[in-house]
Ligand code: NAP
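Below you'll find only one chain, the form predicted on its own, shown as structure tokens.
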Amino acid sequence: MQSVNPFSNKLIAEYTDHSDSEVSKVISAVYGAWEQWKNTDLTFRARLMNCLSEKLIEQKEELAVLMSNEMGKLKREAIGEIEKCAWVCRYYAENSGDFLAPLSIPTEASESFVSFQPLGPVLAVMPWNFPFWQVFRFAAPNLMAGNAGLLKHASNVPGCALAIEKLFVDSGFPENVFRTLLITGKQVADVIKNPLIKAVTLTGSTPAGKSVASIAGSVLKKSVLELGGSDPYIICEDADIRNAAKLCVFSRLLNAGQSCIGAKCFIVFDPVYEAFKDEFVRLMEDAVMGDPAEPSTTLAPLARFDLRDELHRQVVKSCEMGATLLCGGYIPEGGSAFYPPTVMENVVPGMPAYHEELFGPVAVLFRVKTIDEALKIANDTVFGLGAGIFTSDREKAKIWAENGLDAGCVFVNDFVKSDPRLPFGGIKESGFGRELSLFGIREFVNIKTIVVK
């Protein structure tokens, strides 16, 4: 297993994969640790989780450098990611007592209530694009719920995976309550099928999600999937066009466009289409590609060269089929995995840019005349993760958000983002289940009914 810097294209380190026998030993050790951990009280768990939050803040500079080196993220974005991880740890340390408190329900019995009990070790199959945040938004609620965690991270961020395991140990968590498995995708099925693993969560591509869900279903284990997205944003004629363009570009270029909830297609009402297009393209072209560690850099390289090449294929194929290129659309010279900010219009059904997730700094513009036309385009996708609406009419926007857009979350006059206080997840081929908030911590517990006559 190799870690390669996508900016310098230099090898950072090599790691030895865990063998099948080593994996079995780790799973047994985690299960043994869980049998003790499940009986600890919430106050004890919260104390350790707060300590973990403090460790993250103390080490955010070095952790950000590690993250940036392994997958190319801008250093300032990486620091923000570590700070968000610290936040989710504090959030669950403070709120898990309320979230997991027994729920009394009046019946004819003398007492009836619902109790929330841990399931056991949970496997997390995580992606490289937010190598710390994706893990912590799983780990914080699950360890507070009394579960144990095993992490199968993406193969290009093994340094991040091992650093996360060390953070738990250094924060005082019992040995083996959270472990990292350095394994290949081919080994995941056997881990899921291991009887000591009680559930699985995956953040990643739709094909990977379907595979994991199929395996988990075959052995009747609960799964939560957070998959791809095509996040459409509707720009109404009464929107603040300059602010909308600014926020839309920020969302599209965040993490070099490698985000499941990054704004990807922009559905603009006809009267303001040209004004929005001009401002949007100008801001996209203003992005500065460069060293992720430099403050002047605003666009980092993609995480791998094969990802850059696949993105370029989608753009080229769409243009060959009739899409119009407004900026970008080429592979820059040099030895880094950069792809320039790219904008297309005249995209129609049948083109890759219409149907497929564009996982990089590529945007598609659509011109519409009515809200019905806008909603039809926004919903004409297999995905259903996030969506946005920009308008000055907040009351209409709430109606469109609640009843019109097929998505797990809709933001009005802002870009879509995850927040520990709010449930996060999608519908359709964007997955099922929810992470974060009250709903996230209750995904992997036994919701047990208890009746006393």
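Numbers follow the displayed sequence, beginning with 1. These numbers come from a predicted model, not from an experiment.
Beyond the structure shown, there is the form predicted together with the named molecule, which is absent from this document and is the topic of what follows.
Visitor: Consider the chain as shown here, without its partner, and state which of P131, G72, P361, G229 has a heavy atom within 4.5 Å of the named molecule in the model of the complex.
Guide: It is G229 that has a heavy atom within 4.5 Å of the partner.
Visitor: May I ask you to choose, among V272, M351, V281, V188, the residue with a heavy atom within 4.5 Å of the named molecule in the model of the complex?
Guide: Selected option: V188.
Visitor: 234-242, 201-209, 283-291, 109-117: which one contacts the named molecule in the model of the complex at 4.5 Å, heavy atom to heavy atom?
Guide: Result of the contact check: 201-209.
Visitor: So in the model of the complex, are N95, A148 and L196 all sitting within 4.5 Å of the named molecule, heavy atoms only?
Guide: No, the candidate spot makes no contact with the named molecule.
Visitor: Mark E81 yes when one of its heavy atoms lies within 4.5 Å of a heavy atom of the named molecule in the model of the complex, and no otherwise.
Guide: Looking in the model of the complex, residue contacts with the named molecule do not include E81, since no heavy atom lies within 4.5 Å.
Visitor: Is S155 near the named molecule? Define near as a heavy atom within 4.5 Å, in the model of the complex.
Guide: Output for S155 is yes: heavy atoms within 4.5 Å of the named molecule.
Visitor: Quick one: is M126 in contact with the named molecule in the model of the complex, heavy atoms, 4.5 Å cut-off?
Guide: Contact check for M126: yes, within 4.5 Å of the named molecule in the model of the complex.
Visitor: A263 versus the named molecule, in the model of the complex: is there a non-hydrogen atom within 4.5 Å?
Guide: Heavy-atom contact with the named molecule at 4.5 Å: absent for A263.
Visitor: Going by heavy atoms, what in 315-344 lies within 4.5 angstroms of the named molecule in the model of the complex?
Guide: Contacting residues: none.
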